[in-house]
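Just the one chain here, the form predicted alone, laid out as structure tokens.
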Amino acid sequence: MSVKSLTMKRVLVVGGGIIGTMHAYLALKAGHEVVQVERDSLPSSASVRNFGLVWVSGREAGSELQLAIRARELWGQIGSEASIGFRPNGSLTVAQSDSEFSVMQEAASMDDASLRGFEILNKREVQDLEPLLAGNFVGALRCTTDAAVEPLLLLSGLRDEMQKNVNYQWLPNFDVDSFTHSDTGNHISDVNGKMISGDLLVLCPGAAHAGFLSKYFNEAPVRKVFLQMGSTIPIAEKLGHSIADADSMRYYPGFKNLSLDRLPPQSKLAAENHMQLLLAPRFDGSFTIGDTHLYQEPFSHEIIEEPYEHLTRVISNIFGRELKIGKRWSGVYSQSTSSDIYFRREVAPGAVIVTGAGGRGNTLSPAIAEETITSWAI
């Protein structure tokens, strides 16, 4: 990793999710002292509820794709250092009709297709790679740069690695309710009045836009997104690649200039819930599946069954067998609504808020953290 500091600073990181933890990890690697605080005993929000995908394939051409490629390089390095279940498994976006396959062929001919690691595969070639896919499909778009980590190992694995360094301190159950800046640095206080001071401060609140940071989110180009996800009951057979369906091409900006009007129309349910199939294999033989996207607050507390029925039908068509869902859950992430890839705001000298990378936060997190550390210019 290229970021290295000549002067040790004390860095405060608020937030135990992947964005905060990557800031802590790379700040420590850069030679700083790091104190990371988290309001809960363990992080329980979006970072442990997602697919664990490092998804280069759908990133928008230009700066976002370049950031994703740098992030993918960093993920490879970090995965060799920490026990996070990193694997460069690639992905298959599966075409279930000739019209979907034609759009994927178009994607494989994009100017940056080789940069993304795209190649088009017919059904026989797909099944040579993945015999478990025995259903009704035409072929797939393979992306060799995509990768995956284990969400339930990721944060603990990074912390375990950092805790080998005497310059790292992890403070759970520290619920920050204010921060201040003075001539001596930046200071955070929790609900019990305990104060911690440092030179630099990174606030990574995820979707917690309320509370002591609420004034910074008023009229800010950022929104919350509600998702439903789940996981299948573990099976004995192994799947190497992560899987997507053609609906994913409707939502990932890397495909926005393709002839998407040639895709078959979505069902009413899928369109209303902005659905796509993403499927990530887990170490225990289960598959994390999803997802829906709802943007209008307030979000319901209810888990709706119909989207899972839709996902089950799509999976059955691709796999040629039914995979039963064993667990269902929901989550909320923070997403930038501007042309910015994520939301960053300086709130005091040496103090920044970083969030809003939802939908690409896991993928981009190491490169986002690297940008913060580089911006300190110390």
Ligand SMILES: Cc1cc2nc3c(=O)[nH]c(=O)nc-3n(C[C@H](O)[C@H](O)[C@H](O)COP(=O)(O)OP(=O)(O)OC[C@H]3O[C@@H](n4cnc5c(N)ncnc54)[C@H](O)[C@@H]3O)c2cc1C
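Numbers follow the displayed sequence, beginning with 1. Every value quoted in this text rests on a predicted model; they were computed, and no experiment measured them.
Note that the form predicted together with the named molecule isn't included here; everything after this is about it.
For the candidate spot formed by Pro43, Arg49 and Arg360, every residue has a non-hydrogen atom within 4.5 angstroms of the named molecule in the predicted complex. Residues placing heavy atoms within 4.5 Å of the named molecule in the predicted complex fall in a single listed stretch, namely 198 to 206, out of 198 to 206, 159 to 167, 215 to 223, 87 to 95. Residue in contact with the named molecule in the predicted complex (any heavy atom within 4.5 Å), chosen from Asp175, Asp112, Glu125, Asp284: Asp175. The named molecule is not drawn, but in the predicted complex it has a heavy atom within 4.5 Å of Met229.
The named molecule is not shown here, and in the predicted complex it never comes within 4.5 Å of any heavy atom of Val35. Not displayed here, the named molecule is kept clear of Phe343 by more than 4.5 Å at the level of heavy atoms in the predicted complex. The named molecule is not drawn, but in the predicted complex it has a heavy atom within 4.5 Å of Gly16.
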